[in-house]
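The chain below stands alone and is given as structure tokens, in the form predicted alone.
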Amino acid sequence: MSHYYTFTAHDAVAYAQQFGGLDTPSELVSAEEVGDGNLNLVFKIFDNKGVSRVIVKQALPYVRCVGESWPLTLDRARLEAQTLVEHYRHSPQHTVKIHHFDPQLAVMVMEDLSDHRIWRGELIQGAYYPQAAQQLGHYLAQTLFHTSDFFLHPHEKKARVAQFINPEMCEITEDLFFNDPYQIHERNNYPAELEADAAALRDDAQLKLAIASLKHRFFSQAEALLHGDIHSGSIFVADGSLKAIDAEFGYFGPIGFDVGTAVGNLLLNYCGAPGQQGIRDAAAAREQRLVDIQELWNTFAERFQQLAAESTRDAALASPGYACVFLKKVWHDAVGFCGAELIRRSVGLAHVADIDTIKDDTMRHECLRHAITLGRALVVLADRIDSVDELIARVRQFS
């Protein structure tokens, strides 16, 4: 049995040679740590020609930005690997491929995506990938439908729920999404100039009731195997290609959480665009984000309904029209979770580069205020926003 130790670059090369699946593993000769996250070590493994061939990723036993005072379960590496393996079964064109994983070492060897770029960075730079939003909608429909009660036998579904119980990582989400922004907490992170805005969140009884309802849904609705953290920083893109990575928050939860997180990060880019590009030059990029949101939702909903019509195995859930009714519930959930994402990325621990890298302090603060104001509106009004067109109208209202 393997025993956990933290990998060095040398260890990562040796591991890739053994488990990278190459015909000539001796060609792998060097490694470079490239991870910029808080939870993992990530190494690119290069061959003797300097070409990156595979990725080795190892979970750390603590949150890197906090230190060993915030320990984390290493079992999340198993959960991440198994989530990605399961998602790859149903959407191989949009999920990174896992070649090997070891739950004791909390390490996996995966497909190298050096020919792709992180979508968040591309969005910030103004690069446009015309198929990305539709591809993300397709990924979400394929993975969420095929791990839901529509497709799985009830016995298998319940066994999968047990397999993917992820209490420690879910607790992080529960705290960062639904608790911390609405109380005074040392993890919260926002400029002093936004203290009044943060205090208003803490004092908003209507908002806190809506957040409580969202958290209860996150606790209790095991609808499908979620990615759990599907934002533009956990998606790689290239011309004609999109791949989801980083699924250590995977668990069975409400489908609207994944959809809402994805939409929320497109809206965070929307909020940050004036600070990144200037108010005048940002107009076109903002319009494109709204089109992206339309395409993401419409692709997801159309594909989910198509799959439901073709492949639903439960007699009751196969009733004509039920998938459409269910998606209305998913949509309202998604709008609420989207709003929570905007708020927690503005005043909570983990921010996004779309806004945090804005150099002008005044503009950065205004973009944060915009995200907070829009987020609050979406959380409170979620049950009254009945379509993606109505969502876009609300976004325009708060621009």
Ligand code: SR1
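All residue numbers refer to positions in the sequence shown, first residue = 1. Since we're looking at a predicted model, the values are computed, not measured.
A second form of this protein, the form predicted in complex with this ligand, is not displayed here; the remarks below concern that form.
With the partner left out here, this ligand still marks one of 311 to 319, 96 to 104, 267 to 275, 224 to 232 in the model of the complex; by a 4.5 Å heavy atom cut-off that stretch is 224 to 232. None of the heavy atoms of Ile45 is located within 4.5 Å of this ligand in the model of the complex. Contact annotation: Phe249 falls within 4.5 Å of this ligand in the model of the complex, judged by heavy atom distances. Proximity of Leu307 to this ligand in the model of the complex falls outside the 4.5 Å heavy atom cutoff. Proximity of Leu152 to this ligand in the model of the complex falls outside the 4.5 Å heavy atom cutoff. Each of Leu39, Val63 and Leu349 is positioned with at least one heavy atom within 4.5 Å of this ligand in the model of the complex. The partner is absent here; in the model of the complex, the one residue of Ala282, Leu176, Val161, Leu327 having a heavy atom within 4.5 Å of this ligand is Leu176. Of the residues Ala323, Leu74, Ile172, Leu113, just one reaches this ligand in the model of the complex with a heavy atom at 4.5 Å or closer; this is Ile172. Taking this ligand as positioned in the model of the complex, the residues of 333 to 348 that bring a heavy atom within 4.5 Å of it are, in sequence order, Arg344, Arg345.
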